[in-house]
Every structure is written in C-alpha cells, then in structure tokens.
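Heads up, the chain below is alone and in the form predicted on its own; it's given as structure tokens.
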C-alpha cells in the first residue's frame, strides 16, 4: 500500500499548489503524475508493481467518471435545447483529435504498439483500458497516453479557446470534454456548472465515437 499512499499524498500536494498558485500549470493531476513518475524512476520500481499497489484507486476510476454525469440531469432542459450543437461539436472534436493522433504517430514514426495505443487517447483512460485488447495495444501504455492527452488538453485548450474568443460555457465545455475527457471535465467544472455539464457530454461522445471507430477497424 506504499504507492497508494504516495499517490494520494502527491495529488494532495497538487491540490495545495493549485490553491496557492492559482495557475493553470498547477494542475493537481499533472503535479501528482510528475511526482509519482519521478519517484518510480528514482526507486526503479516497475510500473506493474505500482499498478498492483494502486488497484483500489483504479477500481474507483470508472465510478468517478460516471459521477461526472450528475450535472447532466440538473441541466437536462438546457442541454436538450442545445443537443444539435453539442452533438456536432462533440463528434467533430473527437474525430479531429483521432485524426491528429494518427498524424502524430505517423510523423514521429512511433512503434505499432504506441500508434495503436495513441488511437484511443481521445477516450478517457477507463475506456482506453477496456479497448486495449481490441486494438492489441499495451493496456498500461493506452491508459498512460489517455491521461497525458487529458493533461495536455486541460492545460492548453482553455487559453487557446480564450484567445480565439470562445466564451460560451457550452462551447468551451464540449471542446474540453471531447479533447481532454475526464481531466478536461474536472478543469471545465472550475469554470462553472454549465461548462462542466457540456464537458461531460463531450467526454461521453468521445468515448462512444472512439469505441465505434475501434469496432469498425477491429
């Protein structure tokens, strides 16, 4: 249980840093990931050992993602009125993300395992783990790339949207959910309930789109 404790303490350190610094770079998930990764490298502990130790947290991951859908119920009337824009925005955002990942794999000459793992990166990590057997990608790599995709999206996308003049909460939310899934939704909830609810829809559409794409390619 050592690594379970280390992971929780690392995330707590990230939360404290976010409260003190008030900077997008002070993302608790990013800080926690960097701390744990550094400790794993320093102690030369294999990732499989770490994964076994944090299994209780991994088990809670899927219910936590489902809990992000709670705002959908509270805002169901508003979301029902905007369903066409949300559906179009979520699906197009996910397809663009998949195309970008495929292009990045080709540009960087990634190995077949890495390229297959990158294919499911736009989906949230629990979905990427479940799809790994179908894409024949290493499950740990698929989950890691999904988390990295979410981290990068949650860091970069909000200022990019602001620079582009995208201020509508539903537009910002659907973009964050479609590209940065669970981590992006956590970031979107910081902007408001409407943004968080739209992000939950974007995350769900991304998971559905990537699953259908894998089913067609399998």
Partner chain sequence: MSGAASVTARLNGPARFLLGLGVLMAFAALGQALVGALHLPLPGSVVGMALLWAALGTGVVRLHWIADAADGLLGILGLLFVPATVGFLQFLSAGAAWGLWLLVMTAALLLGAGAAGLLASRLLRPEGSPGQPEAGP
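Numbering follows the first chain given and starts at 1. What you see is a predicted model, and the numbers here were worked out from it, not measured in a lab. What we label the rigid core is the largest C-alpha set whose atoms superpose within 1.5 Å from one form to the other.
There is another form of this protein, the form predicted in complex with its partner chain, and it is not shown here; the text below is about that form.
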Practice problem: Give a yes or no for residue 26: in the predicted complex, does one of its heavy atoms lie within 4.5 Å of a heavy atom belonging to its partner chain? | Solution: no
Quiz prompt | Proximity of residue 136 to its partner chain in the predicted complex, heavy atoms at 4.5 Å | solution = no
Exercise. Look up in the predicted complex whether residue 58 has a non-hydrogen atom within 4.5 angstroms of its partner chain, and give yes or no.
Key: yes
Quiz item: Any of the heavy atoms of residue 8 lying within 4.5 Å of its partner chain in the predicted complex?
Solution: yes
Quiz item: Relative to its partner chain in the predicted complex, which residues of 25-44 have a heavy atom no more than 4.5 Å away?
Solution: 29, 32, 33, 36, 37, 40, 41
Quiz item: Would you say residue 212 moves its Cα by 2 Å or more between the shown form and the other one, aligning on the core?
Solution: no
Exercise. Indicate whether residue 186 shows a C-alpha shift of 2 Å or more between the shown form and the other one, with the rigid core used for the fit.
Key: no
